[in-house]
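Single chain ahead, by itself, as structure tokens, in the form predicted alone.
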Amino acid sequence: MEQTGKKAIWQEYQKEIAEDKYYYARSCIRQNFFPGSEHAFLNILRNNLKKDLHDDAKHTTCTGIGYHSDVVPMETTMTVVARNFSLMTEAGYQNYIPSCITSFGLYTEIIETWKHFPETLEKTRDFLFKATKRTFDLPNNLAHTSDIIYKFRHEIAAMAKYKLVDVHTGRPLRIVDHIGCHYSKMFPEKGVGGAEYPYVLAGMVEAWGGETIDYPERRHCCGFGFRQYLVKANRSYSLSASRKKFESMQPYEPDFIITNCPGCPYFMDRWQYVIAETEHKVYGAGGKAIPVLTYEEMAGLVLGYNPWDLGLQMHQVPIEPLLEKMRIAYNPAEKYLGVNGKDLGKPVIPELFKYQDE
């Protein structure tokens, strides 16, 4: 049957996502902000979903932040990306999955540039060979890591130990999603659902029992914006952007925020800390802040991973109220222990963020 109208339009924003054999590219900043998320992704893909995934220690930054901040020239960026593709080729993989949204957007931009201007591809091949004696193939499939979790959301649901449900009331958790700007705003057809109605996070939420809440500033930038934060004098713009989102979602009393970009959870978590300290204000229900999770952390909780192994103690906004809504078991005494069991010490916690006897 021929698809017409809205159904035909929606089909344009469905993407091909490879089934297996992934070359994984880590994010520069995620490993510093929330390292447990990438570790959780590897565990979920390898141990829960039994997928073949290559985590290559030899790959480097894509230069995305430098490129978008006008520090690294496009020709240099293309050559660096080409080297990463050469590592994928050397390892025998064809499906490239970057952990970073900016990387995903940059790889997409470069592949599209090479497609429409093949002379730039040949120039890049020449630069790479002269610099490293390496050659490369283009990926058969490029997808962001959130696309991978989305693709297997129903398989994860079948393995779930917990649902995105408030066990005390039986209602689905109210969840607001935030999509990284570079996921589909530059190339709408490369994101599940396009730029205006991306479904990559909402699809996970719905599959795992939660309710996605629409809110007016759903597509507004989190506030990172590179120059908004990298230039110290501009950081008030970053804070203002996040505040605008918090004020927009506040009336809906979300249980937590879900994101798919390295910078977004960091800023939406940390700026709540700043506002609590400087303005004595929080935006969640019952006088509490709103927890902010990555999609890997959300998937890990659903699958029954230990919250502290996921790195949820790295967040400024306390996660315990959410764990108790879902009735997820956790040991408070382990929250600030390192992998060797050594006490790492407690951070300074704003009065508005304190949970029980902290």
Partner chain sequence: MKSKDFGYQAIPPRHIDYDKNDRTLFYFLRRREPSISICFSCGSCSATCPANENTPFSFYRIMLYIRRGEKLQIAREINKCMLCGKCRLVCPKGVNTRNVILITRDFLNSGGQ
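All values reported here derive from a predicted model rather than from experimental measurement. Numbering follows the first chain given and starts at 1.
Not pictured, yet referred to below: the form predicted in complex with its partner chain.
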Q.
Is it the case in the predicted complex that Leu173, Ala207 and Glu211 each bring at least one heavy atom within 4.5 Å of its partner chain?
A. no
Q: Would you point out which of 175-183, 133-141, 269-277, 84-92 contains residues with a non-hydrogen atom within 4.5 Å of its partner chain in the predicted complex?
A: 269-277
Q: Name the residue from Lys288, Lys244, Lys123, Lys163 that puts a heavy atom within 4.5 Å of its partner chain in the predicted complex.
A: Lys244
Q: Name the residue from Ile111, Leu239, Leu128, Ala202 that puts a heavy atom within 4.5 Å of its partner chain in the predicted complex.
A: Leu239
Q. According to a 4.5 angstroms non-hydrogen atom cut-off, is Lys232 in contact with its partner chain in the predicted complex?
A. yes
